[in-house]
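In structure tokens, the next block holds one chain alone, the form predicted on its own.
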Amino acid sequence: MTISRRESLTLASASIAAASIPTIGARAAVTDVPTADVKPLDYKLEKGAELRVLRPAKFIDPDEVYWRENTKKYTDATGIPVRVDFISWEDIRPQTAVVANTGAGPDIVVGFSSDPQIYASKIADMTDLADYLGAKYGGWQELSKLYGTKWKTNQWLSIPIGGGAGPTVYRQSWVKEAGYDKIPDDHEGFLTLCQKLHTAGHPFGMSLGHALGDANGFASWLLWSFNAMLVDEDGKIALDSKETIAALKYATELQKTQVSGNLSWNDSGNNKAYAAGDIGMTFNGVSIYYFLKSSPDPKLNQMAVDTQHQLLPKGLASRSPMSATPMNAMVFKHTKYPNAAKDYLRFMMEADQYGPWLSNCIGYWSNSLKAYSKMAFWTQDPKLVPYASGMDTPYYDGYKGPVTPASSAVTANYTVVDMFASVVTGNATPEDAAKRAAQQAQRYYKT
């Protein structure tokens, strides 16, 4: 099966004109959200306030459509104009650095994961807003607290919006042809399945390039599924270990089963390869399923029917070592309108806005507040269930150590990803790669 250039571009940019928006949640979804009776926040909105927001670009249409619609609702309600700029995932971190270093630009930056730890001195305290939202909406998911607060404190640096989880996405018929009813949970079984899919012409495919979500997620799974870790509980570098070396050797064997060219993919590479029929299995957000399901092409619709999702294989871990890449909203101290900025984020997280945004994204973002797990759309389509627990996990950047600017920097600079890439390409031995990556990580942890 071939995929047209137009469809390929749609997967990469999720063009609004390319597909209709599902109405799974629509506005009625807010009735599914249990809320507590909490005293409203009373921010004194600054006279003449106007806001500029920078956030990651969408991979599916409803993410942007509903975000813009909710932003317009805020402007209509308050009279405060809000400009939202959507930029590529790869550009978010460089742009955030510019904002922080110049002390100018957007009032709110919706960055990723532990970015707020890097810029803690440049951003406003968000404890009052986080406490209000947590009290009203059943508390925060574990990953929200890990990334949103200073390590082992109750001080909130940011407001986690939602997390992009990446479970196993696969063609059910092809996996069955290989002799499996579901994806094996153990390393040997998963590798054998990948070998059989490769032989059948339906290989596995994941990036080990500088793909912010996919490559970091894949490298982290390889580590965690072998009970390896970047640092231990005390913050000591633990990367140069027998567990890491085992993971590197396994990754080398797994790479032999993968589709050609995967090492240079960005975050849209596996999406396009899956839709083109070039791969039969990958780890990804719901964007693949969304695109196939909403496409006007009946062949792609049939692929959606054949697509299934499952939590990542556990390997040696006690539970699926699957994490998420959270969008994490920061209000920078240089803003002239801090109250308006916080109030805008409050508005966007309230059920009347957040519910339709979340449900119409059909699992592309996992909810950061627990109450939104009760929404009906998560179970109306059973294929979405693995995404519902995306933020309910103990795994995070820098696991098992403190969430700090150092752990953020290691992720942002692809230290672990490059370690795996150097071994699977034959440019380094597992032992040398683990030692070098540990030395690189140590430099970040010393600063």
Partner chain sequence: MDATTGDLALEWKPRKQHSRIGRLFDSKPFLVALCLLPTVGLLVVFLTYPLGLGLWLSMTDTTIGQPGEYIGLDNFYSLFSDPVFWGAVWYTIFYTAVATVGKFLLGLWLALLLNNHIPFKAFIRAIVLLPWIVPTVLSAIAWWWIYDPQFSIVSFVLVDVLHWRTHYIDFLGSPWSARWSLIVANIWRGIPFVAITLLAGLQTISPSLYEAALLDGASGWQQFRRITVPLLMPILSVALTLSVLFTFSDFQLVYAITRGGPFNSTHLMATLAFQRAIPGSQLGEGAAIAVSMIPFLLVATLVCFFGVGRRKWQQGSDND
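Keep in mind that what you see is a predicted model, and the values were worked out from it rather than measured. Residue numbers count along the first chain shown, from 1.
Absent from the display: the form predicted in complex with its partner chain. The rest refers to it.
Using a 4.5 Å heavy atom cutoff, none of 246, 257 and 320 lies near its partner chain in the predicted complex. The closest heavy atom approach of residue 70 to its partner chain in the predicted complex falls outside 4.5 Å. Its partner chain in the predicted complex is approached by residue 118, whose closest heavy atom lies within 4.5 angstroms of it.
The closest non-hydrogen atom of residue 418 lies within 4.5 Å of its partner chain in the predicted complex. Interface residue remark: residue 51 is not counted as part of the site for its partner chain in the predicted complex, having no heavy atom within 4.5 Å. Heavy atoms within 4.5 Å of its partner chain in the predicted complex are found in exactly one of 43-51, 61-69, 407-415, 379-387, that being 407-415. Of the residues 374, 150, 210, 196, just one reaches its partner chain in the predicted complex with a heavy atom at 4.5 Å or closer; this is 210. Contact with its partner chain in the predicted complex, defined as a heavy atom within 4.5 Å, holds for exactly one of 184, 138, 338, 261, namely 261.
For the stretch 86-116, the set of residues having any non-hydrogen atom within 4.5 angstroms of its partner chain in the predicted complex comprises 90, 93, 94, 97, 101, in sequence order.
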